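Let us start with two forms of the same protein chain, each given on its own as structure tokens and named structure 1 and structure 2.
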Structure 1
């Protein structure tokens, strides 16, 4: 029996897209608090504002994050959601699950929570929505002991890392994104659970410049797979595309009649660097001009593949708008080898990455201001200074184009004789 009337939400039960309202109602049959979620949400639909209070600080002992406090501002009407905290559980790399582990999580959440979840949070965690303070330690106990799972991050810390599907089911991954994500998460458990940074810090791992996990625009430390040798070409397979035997872009455009595949128009002319030509029947790529944008590889996956001297490009500083406007990460390290370690927990893996990460943290923890993302810290001090701190030689690849204003911050030691000058000597030569 419905506990509250929800005439507005009921209108979201029709239509072909999966309805969260239908889902909530079904869950409410066994988890009564779901009626109160629906009831409070209906009230928001009527009032056109939220009815959640500013979150309180709750958590488990010894951790500074992973649990977000949440309280209703209409608890008398909806007692089932009076306390409705969120638990973030660190997802396994690229979100594969066995039904066994999922069903055990469900069983726990039936006993100790609302039965509702977000699969997943936008950072990557499994997000369990809605529990009360006395449950928190119990949940943490069961998670660590029975599920062998741990909390994800929140607050000014290393947020839960995430990665693309990579080598598990993608032919383009230039390094093992899943191993990297796991290794880095395991290595920096302390940084993840005990906030000690100026603000949040995200690192994400994509295996190639297609960047399926949005590393370059949604993480502070963006790791995007890349290669530095030549694109591998299978000329026989190129012919199959030309003849129309293989679907372009793996069939991604099959729903519309775009006419016969035209390699000149669809690949060669769209190459942003114009570095491809046909020499007779052979496709030629001037690899020294290629910027590895992936277009040709995406269009002809059977014929073209990334090179074999692979690693990752590291970019730093992406963030959403708050405070100083959105930023994308800036390319800092053009090519870093990403070599996995051995064993579980892994040892000796991704050492180049870790060295750069730690160096970045050391500086940012000293110099970053409270609630300043690293991208903003870099803006504040300027990219040249940041490169100097990171001991990176400035290269044209660091910029879109050179500066157009003449306001260079020369340093005293860079100018012969320095900035110390004698105004009297100057006046002796130049009368006022």
Structure 2
């Protein structure tokens, strides 16, 4: 296959950083279709439009998701990418792979595809970039039977659940994120493989409020570890930090000596709710005002730890720009217990989570418009209505900005004597 002139792409190799163009050229030495990828991308840069067709559905038998169809709109110029489909493989929890399985995946993809991968996609999934339609069933068979890996999600369905490293390596994890991710993946196989939702739906699991998978800004149903009792304080260790015997972690001290540690300046004054004070030699925390920002715990990990009554809070509605622009999720359920079951999914645990998830789906599938994320449905219909459907009592944290709407509507049953007063007013208006 002839090489293509790529003067615009070549500029991306001129800087000090690694370039995907260099990687593609190296791969093209063994995979001819990669030359056509470079050629088509160069044409897109020149024309300032994509040259992938819109639409085109392709898949494997019995699955509606997991394969993303890619078709060139200039196949005569670039026959190697006339069809160049993407395959998503469902990653293991926390992305723990063995070197053996990685080598076997790469060998299969070199043999049946372009050899290019996206490791990982932002949703999760190991993304295998570029293969032809006749190879899809063969790839599916090898992935599921030989590699014991399933396809991930795509389209209007449950996207592949993902999680942080959890209790495997993190001391702050408030629940077993890996167990939750695996349980939900196995329980909702039908929702994952057979699109039936108005649009995509992502759920991600973070073990603590540090939110290392950024669930709060990247998923429709964020499950973020939390505790509902008090932060544990070791006052002796607090003094060790103050005296300089224990080096603080994170913040300004990471990688640079900024002088003696100042607990007032570097911890107490940076508390977003001002819930921390020093009473003599003791650190005091008003836990009723704590918003779980994790800053104090991150800076002084020997002195402070999360509480012991642990679970998760659930936030709903985050997404990247689609209809109404990017938005962060809203905290809907302040606390649920995340308890794994003894049996295998779907007979396993996490029942509180599953009940809320399915209740959310029922409402969204009834009210959501086509290609409307659940956060957009809530925005369109209104958070008060959604809270009422979810049977959640509104709290101040649900209010984005106070006193911005001059119209407040009360239901009769919410006002003492309201129903009787309405009846009297009605009779008076209609008196003969």
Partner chain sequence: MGYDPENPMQGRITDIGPPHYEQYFPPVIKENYGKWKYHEITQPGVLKHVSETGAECYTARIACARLISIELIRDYCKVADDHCEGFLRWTTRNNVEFMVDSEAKLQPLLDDLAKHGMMPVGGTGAGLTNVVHTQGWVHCHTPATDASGVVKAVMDELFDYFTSMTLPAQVRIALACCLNMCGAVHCSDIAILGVHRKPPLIDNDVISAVCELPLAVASCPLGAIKPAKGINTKGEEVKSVTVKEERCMFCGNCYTMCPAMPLADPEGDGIAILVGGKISNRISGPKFSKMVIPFLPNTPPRWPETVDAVKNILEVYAKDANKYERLGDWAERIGWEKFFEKCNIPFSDKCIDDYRLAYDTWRTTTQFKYTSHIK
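If you're wondering where the values come from, they're calculated on a predicted model, not measured in any experiment. We call the rigid core the largest set of C-alpha positions that still match within 1.5 Å between the two forms. Numbering follows the first chain given and starts at 1.
S.K.: Which number belongs to the form predicted alone, 1 or 2?
M.R.: Structure 2, not 1.
S.K.: Using a superposition on the rigid core, decide whether the Cα position of residue 155 changes by 2 angstroms or more between the two structures.
M.R.: No, the C-alpha moves less than 2 Å.
S.K.: Please say whether, between the two structures, the C-alpha of residue 128 moves by 2 Å or more once the core is aligned.
M.R.: The answer is no, as the C-alpha of residue 128 shifts between the two structures by less than 2 Å after core alignment.
S.K.: Once the core is aligned, please say if the CA of residue 26 is shifted by at least 2 angstroms between the two structures.
M.R.: Yes, because once the rigid core is superposed, the C-alpha of residue 26 moves 2 Å or more between the two structures.
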